[in-house]
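Consider the single chain below, provided in C-alpha coordinates and representing the form predicted alone.
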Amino acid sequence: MGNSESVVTPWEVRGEVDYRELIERFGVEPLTERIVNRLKVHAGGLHLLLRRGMFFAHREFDEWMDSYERGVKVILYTGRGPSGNTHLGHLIPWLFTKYLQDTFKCELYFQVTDDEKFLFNPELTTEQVAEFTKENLLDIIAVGFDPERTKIFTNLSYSKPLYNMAVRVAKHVTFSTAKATFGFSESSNIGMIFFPAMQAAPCFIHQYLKSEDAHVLIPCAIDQEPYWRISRDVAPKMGYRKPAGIYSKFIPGLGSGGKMSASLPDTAIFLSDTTKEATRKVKNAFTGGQPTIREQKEKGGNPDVCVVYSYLYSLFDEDDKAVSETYESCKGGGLVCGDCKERLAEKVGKFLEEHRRRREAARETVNKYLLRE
(Lines give C-alpha, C1' and ligand atoms only; values in the text may rest on other atoms or scores of the structure.)
Protein backbone atom coordinates (compact mmCIF):
# COMPACT_ATOMS: atom_id res chain seq x y z
CA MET A 1 0.00 0.00 0.00
CA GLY A 2 1.04 3.61 -0.47
CA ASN A 3 1.41 4.16 3.25
CA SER A 4 4.21 1.83 4.31
CA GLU A 5 3.05 2.06 7.94
CA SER A 6 -0.43 0.77 7.09
CA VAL A 7 -1.27 -2.93 7.52
CA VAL A 8 -4.66 -4.48 6.70
CA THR A 9 -5.00 -8.25 7.07
CA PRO A 10 -7.76 -10.46 8.54
CA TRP A 11 -5.78 -10.55 11.83
CA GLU A 12 -4.20 -7.10 12.07
CA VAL A 13 -5.15 -3.56 11.10
CA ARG A 14 -2.88 -0.65 11.96
CA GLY A 15 -1.88 2.71 10.57
CA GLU A 16 -3.86 5.15 8.44
CA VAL A 17 -6.09 3.23 6.02
CA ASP A 18 -6.52 4.41 2.42
CA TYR A 19 -9.89 2.96 1.43
CA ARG A 20 -9.56 3.83 -2.25
CA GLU A 21 -6.32 1.88 -2.30
CA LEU A 22 -8.00 -1.07 -0.56
CA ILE A 23 -10.70 -1.15 -3.26
CA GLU A 24 -7.96 -1.60 -5.86
CA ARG A 25 -5.92 -4.00 -3.76
CA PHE A 26 -8.82 -6.34 -2.99
CA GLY A 27 -10.48 -5.97 -6.38
CA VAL A 28 -13.85 -4.93 -4.96
CA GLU A 29 -16.21 -2.26 -6.30
CA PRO A 30 -17.16 1.10 -4.75
CA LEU A 31 -20.69 1.22 -3.38
CA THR A 32 -22.32 3.54 -5.90
CA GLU A 33 -25.26 5.88 -5.43
CA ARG A 34 -27.26 3.76 -7.88
CA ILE A 35 -26.85 0.61 -5.75
CA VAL A 36 -27.51 2.49 -2.51
CA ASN A 37 -30.72 3.97 -3.96
CA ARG A 38 -31.80 0.54 -5.11
CA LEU A 39 -31.43 -0.74 -1.55
CA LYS A 40 -33.32 2.31 -0.32
CA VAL A 41 -36.34 1.31 -2.42
CA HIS A 42 -36.44 -2.11 -0.77
CA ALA A 43 -35.80 -0.80 2.75
CA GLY A 44 -37.95 2.31 2.61
CA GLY A 45 -35.01 4.31 3.95
CA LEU A 46 -31.26 4.20 4.38
CA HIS A 47 -29.41 3.06 7.47
CA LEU A 48 -27.21 5.66 9.13
CA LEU A 49 -24.13 3.59 8.25
CA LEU A 50 -25.00 3.91 4.56
CA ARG A 51 -25.91 7.58 4.67
CA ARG A 52 -22.61 8.42 6.30
CA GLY A 53 -20.50 6.22 4.02
CA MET A 54 -19.37 3.65 6.61
CA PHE A 55 -20.22 0.91 4.11
CA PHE A 56 -18.23 1.85 1.05
CA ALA A 57 -17.50 -1.18 -1.13
CA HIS A 58 -19.07 -4.42 -2.31
CA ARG A 59 -18.73 -7.47 -4.46
CA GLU A 60 -21.84 -8.29 -6.50
CA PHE A 61 -24.28 -6.84 -3.97
CA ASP A 62 -26.43 -5.74 -6.89
CA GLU A 63 -26.53 -9.34 -8.16
CA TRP A 64 -27.61 -10.48 -4.70
CA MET A 65 -30.53 -8.03 -4.91
CA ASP A 66 -31.25 -9.41 -8.41
CA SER A 67 -31.56 -12.86 -6.84
CA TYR A 68 -33.96 -11.53 -4.21
CA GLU A 69 -36.13 -9.87 -6.86
CA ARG A 70 -36.22 -13.07 -8.93
CA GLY A 71 -37.35 -15.14 -5.94
CA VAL A 72 -34.07 -16.92 -5.25
CA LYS A 73 -33.49 -17.72 -1.56
CA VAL A 74 -31.18 -15.05 -0.12
CA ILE A 75 -29.09 -15.62 3.01
CA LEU A 76 -26.93 -13.43 5.26
CA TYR A 77 -23.70 -14.55 6.90
CA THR A 78 -21.48 -12.63 9.29
CA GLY A 79 -19.45 -13.46 12.37
CA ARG A 80 -17.27 -12.69 15.36
CA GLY A 81 -13.89 -13.91 16.58
CA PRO A 82 -14.15 -14.09 20.41
CA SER A 83 -10.70 -12.88 21.48
CA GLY A 84 -11.94 -10.43 24.12
CA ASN A 85 -14.81 -8.14 25.07
CA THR A 86 -16.94 -6.62 22.33
CA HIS A 87 -16.31 -2.97 21.46
CA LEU A 88 -18.17 -0.45 19.30
CA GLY A 89 -16.13 -1.30 16.21
CA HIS A 90 -17.40 -4.87 16.25
CA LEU A 91 -20.98 -3.62 16.17
CA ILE A 92 -20.69 -1.91 12.76
CA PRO A 93 -21.29 -5.03 10.59
CA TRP A 94 -23.83 -6.44 13.04
CA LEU A 95 -26.03 -3.35 13.07
CA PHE A 96 -26.01 -3.25 9.30
CA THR A 97 -26.71 -6.98 9.07
CA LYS A 98 -29.80 -6.48 11.24
CA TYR A 99 -30.97 -3.73 8.86
CA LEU A 100 -30.56 -6.10 5.91
CA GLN A 101 -32.34 -8.92 7.73
CA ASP A 102 -35.24 -6.62 8.61
CA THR A 103 -35.41 -5.40 5.00
CA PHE A 104 -35.21 -8.70 3.14
CA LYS A 105 -36.71 -10.96 5.85
CA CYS A 106 -33.89 -13.45 5.29
CA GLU A 107 -32.12 -16.04 7.38
CA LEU A 108 -28.82 -15.15 9.03
CA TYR A 109 -26.01 -17.58 9.82
CA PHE A 110 -23.76 -16.06 12.47
CA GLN A 111 -20.40 -17.80 12.94
CA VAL A 112 -18.40 -17.45 16.17
CA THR A 113 -14.85 -18.53 15.34
CA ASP A 114 -13.66 -19.79 18.71
CA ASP A 115 -11.27 -22.19 16.96
CA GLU A 116 -9.60 -19.33 15.06
CA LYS A 117 -8.86 -17.31 18.17
CA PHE A 118 -7.29 -20.30 19.88
CA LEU A 119 -5.18 -21.19 16.83
CA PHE A 120 -3.98 -17.70 15.97
CA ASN A 121 -3.32 -16.36 19.47
CA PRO A 122 -0.61 -18.30 21.34
CA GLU A 123 -1.59 -16.60 24.62
CA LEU A 124 -5.21 -17.82 24.68
CA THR A 125 -6.38 -21.11 26.19
CA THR A 126 -9.53 -22.90 25.09
CA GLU A 127 -11.05 -22.05 28.51
CA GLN A 128 -10.44 -18.32 27.98
CA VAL A 129 -11.90 -18.44 24.49
CA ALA A 130 -14.96 -20.28 25.82
CA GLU A 131 -15.54 -17.52 28.39
CA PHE A 132 -15.18 -14.77 25.78
CA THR A 133 -17.59 -16.70 23.54
CA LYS A 134 -20.19 -16.92 26.29
CA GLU A 135 -20.05 -13.15 26.87
CA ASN A 136 -19.88 -12.22 23.18
CA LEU A 137 -23.01 -14.25 22.46
CA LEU A 138 -25.01 -11.96 24.73
CA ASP A 139 -23.74 -8.88 22.84
CA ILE A 140 -24.63 -10.47 19.50
CA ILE A 141 -28.18 -11.33 20.58
CA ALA A 142 -28.62 -7.87 22.15
CA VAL A 143 -28.37 -6.34 18.66
CA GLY A 144 -31.90 -7.60 18.06
CA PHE A 145 -31.65 -10.15 15.27
CA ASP A 146 -34.87 -12.00 14.44
CA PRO A 147 -34.79 -15.16 16.60
CA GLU A 148 -36.90 -17.05 14.04
CA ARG A 149 -34.47 -16.30 11.23
CA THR A 150 -31.10 -16.27 13.04
CA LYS A 151 -28.82 -19.24 13.60
CA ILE A 152 -25.74 -18.60 15.74
CA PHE A 153 -23.09 -21.27 16.08
CA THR A 154 -19.56 -21.62 17.38
CA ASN A 155 -17.10 -23.65 15.35
CA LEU A 156 -16.12 -25.83 18.31
CA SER A 157 -19.72 -26.71 19.26
CA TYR A 158 -21.12 -27.10 15.73
CA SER A 159 -18.06 -28.73 14.25
CA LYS A 160 -19.55 -31.78 12.53
CA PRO A 161 -21.73 -29.91 9.96
CA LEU A 162 -19.08 -27.23 9.46
CA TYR A 163 -16.27 -29.74 9.09
CA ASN A 164 -18.25 -31.67 6.50
CA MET A 165 -18.50 -28.51 4.42
CA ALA A 166 -14.98 -27.29 5.22
CA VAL A 167 -13.31 -30.42 3.86
CA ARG A 168 -15.21 -29.94 0.59
CA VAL A 169 -13.85 -26.40 0.41
CA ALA A 170 -10.33 -27.44 1.44
CA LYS A 171 -10.09 -30.00 -1.36
CA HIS A 172 -10.18 -27.15 -3.89
CA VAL A 173 -7.67 -24.82 -2.18
CA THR A 174 -3.95 -25.42 -2.61
CA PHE A 175 -1.39 -24.46 0.02
CA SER A 176 0.20 -22.05 -2.46
CA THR A 177 -3.13 -20.23 -2.81
CA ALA A 178 -3.61 -20.06 0.98
CA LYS A 179 -0.02 -18.91 1.45
CA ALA A 180 -0.34 -16.17 -1.19
CA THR A 181 -3.70 -15.00 0.16
CA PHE A 182 -2.98 -15.06 3.89
CA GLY A 183 0.80 -14.90 4.16
CA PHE A 184 1.20 -18.27 5.87
CA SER A 185 4.77 -19.46 6.43
CA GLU A 186 6.51 -22.67 7.45
CA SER A 187 6.13 -21.57 11.07
CA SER A 188 2.32 -21.33 10.77
CA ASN A 189 0.63 -24.15 12.64
CA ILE A 190 -1.43 -26.50 10.47
CA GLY A 191 -4.66 -25.43 12.18
CA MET A 192 -4.13 -21.89 10.90
CA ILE A 193 -3.65 -23.18 7.37
CA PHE A 194 -6.90 -25.17 7.48
CA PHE A 195 -8.92 -22.43 9.17
CA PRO A 196 -9.84 -20.49 5.95
CA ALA A 197 -11.86 -23.55 4.93
CA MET A 198 -13.81 -23.31 8.21
CA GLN A 199 -14.40 -19.60 7.58
CA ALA A 200 -15.66 -20.39 4.07
CA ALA A 201 -17.97 -23.19 5.20
CA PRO A 202 -20.93 -20.98 6.30
CA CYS A 203 -21.08 -19.52 2.77
CA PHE A 204 -22.54 -22.89 1.75
CA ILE A 205 -23.90 -24.35 5.00
CA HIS A 206 -27.54 -23.50 4.23
CA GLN A 207 -27.30 -25.19 0.84
CA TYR A 208 -25.68 -28.21 2.51
CA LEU A 209 -28.25 -28.46 5.32
CA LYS A 210 -31.37 -27.69 3.27
CA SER A 211 -30.36 -29.05 -0.15
CA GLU A 212 -31.65 -25.92 -1.88
CA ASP A 213 -30.25 -23.11 -3.99
CA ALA A 214 -29.36 -19.93 -2.08
CA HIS A 215 -27.40 -16.73 -2.63
CA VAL A 216 -25.31 -15.60 0.33
CA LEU A 217 -24.34 -12.01 1.22
CA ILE A 218 -21.57 -11.31 3.73
CA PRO A 219 -21.62 -7.91 5.50
CA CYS A 220 -18.25 -7.43 7.21
CA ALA A 221 -15.29 -5.11 7.67
CA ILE A 222 -13.02 -4.84 4.64
CA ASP A 223 -10.10 -6.63 6.34
CA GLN A 224 -12.04 -9.93 6.15
CA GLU A 225 -12.40 -9.81 2.38
CA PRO A 226 -9.52 -12.24 1.57
CA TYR A 227 -11.55 -15.09 3.08
CA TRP A 228 -14.36 -14.53 0.63
CA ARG A 229 -11.98 -14.55 -2.32
CA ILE A 230 -11.26 -18.17 -1.42
CA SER A 231 -15.00 -18.86 -1.03
CA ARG A 232 -15.80 -17.34 -4.41
CA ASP A 233 -13.03 -19.30 -6.12
CA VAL A 234 -14.33 -22.67 -4.90
CA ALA A 235 -18.09 -21.99 -5.19
CA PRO A 236 -18.50 -22.92 -8.90
CA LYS A 237 -16.41 -26.07 -8.40
CA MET A 238 -18.85 -27.13 -5.68
CA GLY A 239 -21.96 -26.22 -7.68
CA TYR A 240 -22.92 -23.17 -5.59
CA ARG A 241 -23.43 -19.49 -6.30
CA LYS A 242 -20.53 -17.21 -5.48
CA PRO A 243 -21.17 -15.35 -2.20
CA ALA A 244 -21.59 -11.59 -2.47
CA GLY A 245 -20.08 -9.12 -0.03
CA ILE A 246 -20.65 -5.62 1.33
CA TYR A 247 -17.78 -4.03 3.26
CA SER A 248 -17.42 -1.45 5.99
CA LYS A 249 -14.71 0.96 7.03
CA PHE A 250 -13.19 0.81 10.51
CA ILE A 251 -14.35 3.05 13.31
CA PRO A 252 -11.28 4.92 14.61
CA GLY A 253 -9.86 4.48 18.07
CA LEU A 254 -10.18 7.37 20.50
CA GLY A 255 -6.47 8.16 20.07
CA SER A 256 -4.76 10.00 17.22
CA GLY A 257 -4.71 7.24 14.61
CA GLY A 258 -5.70 3.69 13.73
CA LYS A 259 -8.89 1.68 14.14
CA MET A 260 -10.54 0.89 17.46
CA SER A 261 -8.69 -2.06 18.97
CA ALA A 262 -9.14 -4.19 22.06
CA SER A 263 -5.34 -4.23 22.42
CA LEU A 264 -5.48 -0.50 23.26
CA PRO A 265 -8.27 -0.51 25.87
CA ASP A 266 -8.18 3.22 26.67
CA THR A 267 -8.87 4.05 23.01
CA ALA A 268 -11.77 1.60 22.70
CA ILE A 269 -15.31 1.81 24.08
CA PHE A 270 -16.31 -1.68 25.17
CA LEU A 271 -19.93 -2.68 25.52
CA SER A 272 -19.00 -3.82 29.02
CA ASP A 273 -17.75 -0.34 30.01
CA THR A 274 -19.67 1.50 32.69
CA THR A 275 -21.04 4.92 31.79
CA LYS A 276 -18.33 6.45 33.96
CA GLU A 277 -15.57 4.55 32.13
CA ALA A 278 -16.95 5.43 28.70
CA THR A 279 -17.29 9.10 29.67
CA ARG A 280 -13.69 9.19 30.85
CA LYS A 281 -12.49 7.74 27.55
CA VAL A 282 -14.55 10.21 25.50
CA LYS A 283 -13.25 13.14 27.57
CA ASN A 284 -9.67 12.04 26.76
CA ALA A 285 -10.34 11.49 23.04
CA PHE A 286 -8.27 13.08 20.28
CA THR A 287 -9.92 16.10 18.64
CA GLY A 288 -9.21 18.52 15.85
CA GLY A 289 -9.37 21.47 18.20
CA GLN A 290 -6.87 24.23 18.89
CA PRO A 291 -4.66 24.24 22.01
CA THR A 292 -6.76 26.92 23.75
CA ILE A 293 -10.40 28.01 23.73
CA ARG A 294 -9.35 31.46 22.52
CA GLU A 295 -7.51 30.01 19.54
CA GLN A 296 -10.43 27.66 18.84
CA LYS A 297 -12.79 30.62 18.60
CA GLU A 298 -10.36 32.62 16.47
CA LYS A 299 -9.14 29.90 14.09
CA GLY A 300 -11.78 27.21 14.31
CA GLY A 301 -11.19 23.47 14.65
CA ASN A 302 -10.67 20.66 12.15
CA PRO A 303 -13.57 18.19 12.32
CA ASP A 304 -12.04 16.14 9.48
CA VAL A 305 -9.43 14.71 11.88
CA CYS A 306 -11.54 14.81 15.04
CA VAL A 307 -12.43 11.44 16.54
CA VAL A 308 -15.31 12.91 18.55
CA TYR A 309 -16.91 14.37 15.43
CA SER A 310 -16.28 11.07 13.61
CA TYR A 311 -18.27 9.16 16.23
CA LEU A 312 -21.14 11.63 16.15
CA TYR A 313 -21.11 11.46 12.35
CA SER A 314 -20.74 7.70 11.95
CA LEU A 315 -22.80 6.26 14.77
CA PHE A 316 -24.46 8.52 17.28
CA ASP A 317 -26.36 11.34 15.57
CA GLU A 318 -29.18 10.39 13.21
CA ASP A 319 -29.96 14.02 12.43
CA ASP A 320 -28.14 14.91 9.18
CA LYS A 321 -28.84 18.61 9.63
CA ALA A 322 -27.45 18.65 13.18
CA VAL A 323 -24.28 16.86 12.04
CA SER A 324 -23.79 19.38 9.22
CA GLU A 325 -24.27 22.27 11.64
CA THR A 326 -21.74 20.73 14.05
CA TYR A 327 -19.17 20.49 11.25
CA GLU A 328 -19.60 24.12 10.16
CA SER A 329 -19.73 25.45 13.71
CA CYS A 330 -16.53 23.63 14.63
CA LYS A 331 -14.69 24.98 11.58
CA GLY A 332 -15.99 28.46 12.26
CA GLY A 333 -14.96 28.48 15.92
CA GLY A 334 -18.48 28.41 17.28
CA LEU A 335 -17.93 25.14 19.13
CA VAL A 336 -15.29 24.13 21.63
CA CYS A 337 -14.16 20.53 22.01
CA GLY A 338 -15.62 20.18 25.50
CA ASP A 339 -19.12 20.80 24.12
CA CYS A 340 -18.82 17.99 21.55
CA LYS A 341 -17.29 15.64 24.10
CA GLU A 342 -20.19 16.24 26.49
CA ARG A 343 -22.67 15.58 23.69
CA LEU A 344 -20.94 12.37 22.60
CA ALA A 345 -20.48 11.11 26.17
CA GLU A 346 -24.21 11.53 26.80
CA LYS A 347 -25.15 9.63 23.64
CA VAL A 348 -22.64 6.85 24.31
CA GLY A 349 -23.87 6.53 27.90
CA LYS A 350 -27.49 6.13 26.79
CA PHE A 351 -26.48 3.63 24.12
CA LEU A 352 -24.53 1.49 26.59
CA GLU A 353 -27.33 1.63 29.15
CA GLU A 354 -29.84 0.37 26.58
CA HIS A 355 -27.43 -2.30 25.35
CA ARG A 356 -26.92 -3.56 28.91
CA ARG A 357 -30.67 -3.88 29.30
CA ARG A 358 -30.99 -5.90 26.10
CA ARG A 359 -27.92 -7.93 27.01
CA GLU A 360 -29.45 -9.03 30.32
CA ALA A 361 -32.65 -10.02 28.53
CA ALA A 362 -30.54 -12.05 26.07
CA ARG A 363 -29.49 -14.45 28.84
CA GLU A 364 -32.97 -15.98 28.67
CA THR A 365 -32.96 -16.43 24.89
CA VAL A 366 -29.51 -17.81 23.99
CA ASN A 367 -30.86 -21.30 23.31
CA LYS A 368 -33.39 -19.91 20.82
CA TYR A 369 -30.54 -18.69 18.64
CA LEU A 370 -27.77 -21.24 19.16
CA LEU A 371 -27.17 -24.16 16.80
CA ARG A 372 -25.53 -27.22 18.31
CA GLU A 373 -24.74 -30.64 16.92
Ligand code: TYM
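Worth saying up front: this structure is predicted, and the values here are computed from it rather than measured. Residue numbers run from 1 along the displayed sequence.
Just so it is clear, the following notes concern the form predicted together with ligand TYM, a form of the same protein that is not shown.
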item: 144, 152 and 355 all contacting ligand TYM in the model of the complex, non-hydrogen atom within 4.5 Å; value: no
item: Contact stretch among 168-176, 206-214, 274-282, 114-122 - heavy atom within 4.5 Å of ligand TYM in the model of the complex; value: 114-122
item: Contact residue in the model of the complex, chosen from 286, 132, 250, 270 - any heavy atom within 4.5 Å of ligand TYM; value: 250
item: Sole residue of 76, 92, 254, 138 within 4.5 Å of ligand TYM in the model of the complex, by heavy atom; value: 92
item: Any non-hydrogen atom of residue 199 within 4.5 angstroms of ligand TYM in the model of the complex; value: yes
item: Residue contact check: residue 98 to ligand TYM in the model of the complex, 4.5 Å heavy atom; value: no
item: In the model of the complex, residue 162 touching ligand TYM (heavy atom, 4.5 Å); value: no
item: 4.5 Å heavy atom contact, residue 242 to ligand TYM in the model of the complex; value: no
